[in-house]
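Have a look below at one chain only, the form predicted on its own, in structure tokens format.
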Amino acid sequence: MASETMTSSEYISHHLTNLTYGNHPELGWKIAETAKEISDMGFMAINVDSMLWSLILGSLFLWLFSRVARKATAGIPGGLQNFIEMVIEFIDDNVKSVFAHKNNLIAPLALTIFVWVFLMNTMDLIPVDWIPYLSSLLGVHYMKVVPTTDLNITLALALGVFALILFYSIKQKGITGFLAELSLQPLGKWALPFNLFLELVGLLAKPISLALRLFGNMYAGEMIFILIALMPFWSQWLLSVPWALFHILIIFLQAFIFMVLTVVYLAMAYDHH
């Protein structure tokens, strides 16, 4: 597609640029048409494609699972019901093995995170030129279809988890207990500043590591697909198919790791020290 009329660097830059809507200091609120316009918009901007695809995939998850739940039968289940039940049992077993406390929110949260992140990751398997090319026919300049290659999305997910960590830590231990946990361990009250520094670093590292791990792995995978697309046509299929097969494992593992770490962090929030 565009690789025929762009240089390699322009092609890579184009595929890694989001469709952005924001407040340009000179042009006002608009959809950016160039990378410079995106840069000029600064913080007052939103990546429309990332938001659009994440909402579409989240809606797909809700529609599919609710449809199967409404039509579930105690008799011989169909293939889709069988698959959904396997996913739910897989998540439930993992939650029970990690989270020893009683909370009816944790298992549904884990299921939502796993399936939603998995669906967003799976968009990476669509050939990199297909959707951007169709979008260009409609006059859309940029279109990134893998939400988890956008740090804004992965960081938003991680901050949501972080908010739950803080909420349950304070709910279970009280504000005094939570602050004491941050300031009095591991070396006691005589090393309070040092304790506070260590505990705050560990606390803040949780959302940062969640966001960067998912973003880094998916961004690297997307970059490899883009580089393969720049190669001669005969070699694209030779390389893209093996990489896609391997990337399926990465897609699953990253969704699974994000889900498991979320449950682990929430279990830690419940634990008293």
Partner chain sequence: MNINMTIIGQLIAFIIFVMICMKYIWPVLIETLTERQQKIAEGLEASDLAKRDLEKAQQTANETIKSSKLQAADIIDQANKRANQIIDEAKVNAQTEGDRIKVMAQAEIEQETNRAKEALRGQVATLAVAGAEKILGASIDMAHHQKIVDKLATEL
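Numbering follows the first chain given and starts at 1. In this text the structure is predicted, and so the values were computed from the model without any measurement.
What follows is about the form predicted in complex with the partner chain, which we do not show.
Engineer: Look at the candidate spot formed by 47, 109 and 153 and say whether the partner chain comes within 4.5 Å of a heavy atom in all three of them in the predicted bound form.
Structural biologist: Yes, each of 47, 109 and 153 comes within 4.5 Å of the partner chain in the predicted bound form.
Engineer: Which one, 72, 140, 125, 196, lies within 4.5 Å of the partner chain in the predicted bound form by heavy atoms?
Structural biologist: Exactly one listed residue reaches within 4.5 Å, namely 72.
Engineer: Of 27, 68, 224, 231, which residue is found within 4.5 angstroms of the partner chain in the predicted bound form when only non-hydrogen atoms are counted?
Structural biologist: Contact check passes for 68.
Engineer: Using heavy atoms and a 4.5 Å limit, would one call residue 55 a contact residue for the partner chain in the predicted bound form?
Structural biologist: Yes, residue 55 lies within 4.5 Å of the partner chain in the predicted bound form.
Engineer: Could you tell me if residue 105 has a non-hydrogen atom within 4.5 Å of the partner chain in the predicted bound form?
Structural biologist: Within the cut-off, so yes.
Engineer: Although the partner isn't part of this model, could you tell me whether residue 149 comes within 4.5 Å of the partner chain in the predicted bound form, counting any heavy atom of the residue?
Structural biologist: Because a heavy atom of residue 149 falls inside 4.5 Å of the partner chain in the predicted bound form, the answer is yes.
Engineer: Might residue 61 be said to contact the partner chain in the predicted bound form, defining contact as any heavy atom within 4.5 Å?
Structural biologist: Taking the distances in the predicted bound form, the answer for residue 61 is yes, it comes within 4.5 Å of the partner chain.
Engineer: Given that the partner is absent here, state which listed stretch (74-82, 196-204, 177-185, 126-134) has heavy atoms within 4.5 Å of the partner chain in the predicted bound form.
Structural biologist: Heavy-atom contact with the partner occurs in 74-82.
Engineer: Can you name the residues of 200-234 that have a non-hydrogen atom within 4.5 angstroms of the partner chain in the predicted bound form?
Structural biologist: Residues within 4.5 Å: 215, 219.
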